[in-house]
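As structure tokens, one chain now follows by itself in the form predicted on its own.
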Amino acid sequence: MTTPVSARGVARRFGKRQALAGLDLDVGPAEIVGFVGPNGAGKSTFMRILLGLVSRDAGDVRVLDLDPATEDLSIRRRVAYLPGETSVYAGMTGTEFLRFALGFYPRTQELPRRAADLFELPLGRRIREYSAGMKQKLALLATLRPDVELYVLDEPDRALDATARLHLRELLAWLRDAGKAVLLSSHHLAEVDALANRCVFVFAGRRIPEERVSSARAALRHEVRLRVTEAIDLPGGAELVESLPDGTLRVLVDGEPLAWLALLPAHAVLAAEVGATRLEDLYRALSLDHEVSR
């Protein structure tokens, strides 16, 4: 079976800036991989290398068993790419742009009706009259209509409202269920958390080793999210990590979280959550770990 993405030791420098410093990443069939990291971490550069739009300085890259350094056109016929800085031709109508964009692909597909609301656009109007969100929807339509094996999406939910992001989530899940592979970068971590089979974390051009990710996950399993009806003194053996705006307390417990919860007065506990590993919390923990280790 063809592997959508296999990359080892990918490096790229722009002048004095090291954008990628030996990045490894794989994407399998019927898989959504979340590509997570801060701005400037190298995510967009890596995605452009996959398409042959940027050359690599070192490393081995195979996209659908092809090398983007020498077989870039063959790759782009089989991969749909949405860049982070979406650009559409303002002088065209929506219909004209779609005809132009989809003309590069040998096959297109009909999208499921349940996701049609995402693409309710005035296709007969000039794109210069579109809002930022409408332009993003048009670019998404041009990216997701091609019937290809791999979709590389850099910030696909940029400028979309909450309803449109929900429809996009449904559509990407549909693509995965149809056997397609997706590499997805987004700063909306809740969207990535809901969709991705797994996540790859990258900081300063380097992938966070899996053992560090596992260690951070294990530490978060000792975290309790707590809402109380009144101010109380927390029992010993725990550290208050954060008080969230909605009144939730994030508490890190030294021992067994359930045993610690039993020490709280029952009448004062409105809600409690133990051991949930949100992507947002995992990303925050890895960010702090990265800063400390620099």
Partner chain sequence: MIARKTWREVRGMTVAYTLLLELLLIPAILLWPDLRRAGAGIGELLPAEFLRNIFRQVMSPDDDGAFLAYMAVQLFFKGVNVVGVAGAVLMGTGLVARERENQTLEFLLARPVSRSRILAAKFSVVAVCLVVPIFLTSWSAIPLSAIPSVDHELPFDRVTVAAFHNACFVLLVLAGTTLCSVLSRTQVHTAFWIGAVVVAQVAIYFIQEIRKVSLFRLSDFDVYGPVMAGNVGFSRLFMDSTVWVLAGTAALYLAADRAFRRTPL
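Predicted, not measured: the structure shown is a model, and the values here were computed from it. Numbering follows the first chain given and starts at 1.
Keep in mind the form predicted in complex with its partner chain is missing from the figure; the text below concerns it.
In the predicted complex, at least one heavy atom of Arg48 sits within 4.5 Å of a heavy atom of its partner chain. At the 4.5 Å threshold, heavy atoms of Tyr105 reach its partner chain in the predicted complex. Among residues of the shown chain, Gly91 is one whose heavy atoms approach its partner chain to within 4.5 Å in the predicted complex. In the predicted complex, its partner chain lies within 4.5 Å of some heavy atom of Phe97.
Residues within 4.5 angstroms of its partner chain in the predicted complex, judged by any non-hydrogen atom, belong to 81-89 and to none of the other stretches in 174-182, 81-89, 211-219, 192-200.
Proximity to its partner chain in the predicted complex holds for all of Leu53, Arg76 and Ala101, with the criterion being a heavy atom within 4.5 Å. Shown without its partner, this chain lists Leu153, Ala142, Val224, Leu150 as candidates; in the predicted complex, only Ala142 has a non-hydrogen atom within 4.5 angstroms of its partner chain.
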